[in-house]
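First, one chain by itself in structure tokens, the form predicted alone.
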């Protein structure tokens, strides 16, 4: 029975280094700001309708907005963030988009 010869790499082939540049885009955050007018229950309903989050998550986000003055409610690609921001504004919430630090 014959065996195939083993392939051996020369020292120059094994010493080759490759540099790969990885570019990561920072996500865009949708911020909802506190306002003294919109009832808390309405904010929860708007979050559920727009994002499809659970009632618990919507309530947590609403309370963060209420106590801290703002909350990041979504993070991701810029186009989608802008779309969510417009939907929140149409629903009567103060919102903005900013790139993550």
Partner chain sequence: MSAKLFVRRRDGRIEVRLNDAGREVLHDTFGRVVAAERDLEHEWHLSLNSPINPSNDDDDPLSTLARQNEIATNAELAVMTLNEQFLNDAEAWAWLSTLQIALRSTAVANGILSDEKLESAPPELLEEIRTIQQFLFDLAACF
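A quick note: this is a predicted structure, and the numbers were derived from the prediction, not measured. Positions refer to the first chain, counted from 1.
The following text describes the form predicted together with the partner chain, which does not appear among the structures shown.
Engineer: Within 4.5 Å, heavy atoms only: does residue 64 come near the partner chain in the predicted bound form?
Structural biologist: Heavy-atom contact with the partner chain at 4.5 Å: absent for residue 64.
Engineer: Test of understanding: in the predicted bound form, would residue 70 fall inside 4.5 Å of the partner chain by heavy atoms?
Structural biologist: No, no contact at 4.5 Å.
Engineer: Is residue 25 part of the interface with the partner chain in the predicted bound form - any heavy atom within 4.5 Å?
Structural biologist: Although the partner chain is absent here, residue 25 would stay clear of it in the predicted bound form, with no heavy atoms inside 4.5 Å.
Engineer: Given that the partner is absent here, does residue 60 sit within 4.5 Å of the partner chain in the predicted bound form, heavy atoms only?
Structural biologist: No, residue 60 sits far enough from the partner chain in the predicted bound form that none of its heavy atoms falls within 4.5 Å.
Engineer: Sequence order please: the residues of 28-63 with a heavy atom within 4.5 Å of the partner chain in the predicted bound form.
Structural biologist: Residues within 4.5 Å: 28, 35, 36, 37, 38, 39, 41, 42, 45, 46, 48, 49.
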